[in-house]
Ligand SMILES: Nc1ncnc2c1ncn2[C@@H]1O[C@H](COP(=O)(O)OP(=O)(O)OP(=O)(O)O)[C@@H](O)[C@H]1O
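Shown here is one chain on its own, the form predicted alone, set out as structure tokens.
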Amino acid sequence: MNAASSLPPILARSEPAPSAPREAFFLAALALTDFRTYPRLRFELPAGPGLIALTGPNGAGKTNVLEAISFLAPGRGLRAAGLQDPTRWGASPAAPGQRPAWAVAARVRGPAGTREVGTGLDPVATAPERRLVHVDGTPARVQGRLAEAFAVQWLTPPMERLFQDGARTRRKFIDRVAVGLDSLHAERVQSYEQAARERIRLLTGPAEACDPAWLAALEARMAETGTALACARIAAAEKLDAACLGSRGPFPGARVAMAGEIEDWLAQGPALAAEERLARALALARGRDAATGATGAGPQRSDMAVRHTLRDQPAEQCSTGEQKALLVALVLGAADVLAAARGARPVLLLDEVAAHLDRLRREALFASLLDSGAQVWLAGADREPFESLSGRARFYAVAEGAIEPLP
């Protein structure tokens, strides 16, 4: 039995695959094993997109459900979790020779019909810690395969600091958009980061162990993959800029662009010239990078710049309320970009968003979500902020590792 087969099988199909492409991606069933607070969870959903509201006290596991869904995309999920972090505290190995391991599986639907996807920590104790992925029962070598079968965007309370936190947080945001446009983007990011770590290891290690030929090969790889991922981010930012240019009722328009040295190089000439300049910059910076233990040139120095359209003001200089409204506009714009590229709207995961918006913006958001035709998962401690959705959304109570429908 291969390692991927140890991921939990999704529930048996209760409905045939749709005969025509859908206009929205959506989950039809979700299965969790030893994920956060859930020893086991099997959750079937009515067919079709729509709004799903999860309510329950703090600590009940609402965000855990959203996080599990976010792992059906490449990356570390909406909490940016470490590989072992989602494993339920106190979980036992499923069999001798295995480690405790989390797993998420789902039946999803989209333009390609019904797909079964899953991911989780490799349970084999003697194997390196790694994340397994399977699509339609077949192991996948790269996480990018998930992006081919499913599309998802999210908004969580920590993201409200998008404009105050470092550039890395904003790069992660644009990377999610880029992966939705090109599933190979996730692999390029991983390849670049792996080469960068190995280069720093050589530079900071014993001088006799630093092979110049291997160092040059790593820098060539960084220059090639780094330029490619910078190009992908620029393309994603341009699409996001177009999608966010106009206001959405109380949500302002936004201008979006990637900014940095490599972006300047790409604006001045062809990608091959930028690749050569990056390779030279890396070679010239070996001494400095050895002293600092960090790479000083490359796409990891770039930033996603956002401006409030009406005020023509950088997002980081806007008020807290304006920043929240800009963030919602960016997430809705990112969903529009993915919908245009994939032919179907992505699933949206919105954690505690209703409680953090004033009534006007909350009702405008709900109206936009209802009109979009997307499957949207909303989580909140109280039902009161969602009352205007009564009769228009499906409500579920989350408590003690279970999800129960509400009237």
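Because the structure is predicted, anything quoted here is derived from the model rather than measured. Residue indices: 1-based, along the sequence shown.
Omitted here: the form predicted together with the ligand. The next part is about that form.
*Asks:* Please determine, with the chain shown alone, which of 228-236, 213-221, 87-95, 292-300 has non-hydrogen atoms within 4.5 Å of the ligand in the predicted complex.
*Replies:* It is 87-95 that comes within 4.5 Å of the partner.
*Asks:* State the residue from 79, 255, 280, 248 whose non-hydrogen atoms include one within 4.5 Å of the ligand in the predicted complex.
*Replies:* If I apply the 4.5 Å criterion carefully, the residue I get is 79.
*Asks:* Which residue among 41, 60, 69, 354 has a heavy atom within 4.5 angstroms of the ligand in the predicted complex?
*Replies:* So the residue touching the ligand in the predicted complex, by this definition, is 60.
*Asks:* Does residue 64 make contact with the ligand in the predicted complex, using a 4.5 Å heavy atom cut-off?
*Replies:* Close contact exists here: in the predicted complex, residue 64 approaches the ligand to within 4.5 Å, heavy atoms only.
*Asks:* Taking heavy atoms and a 4.5 Å cut-off, does residue 37 contact the ligand in the predicted complex?
*Replies:* Output for residue 37 is yes: heavy atoms within 4.5 Å of the ligand.
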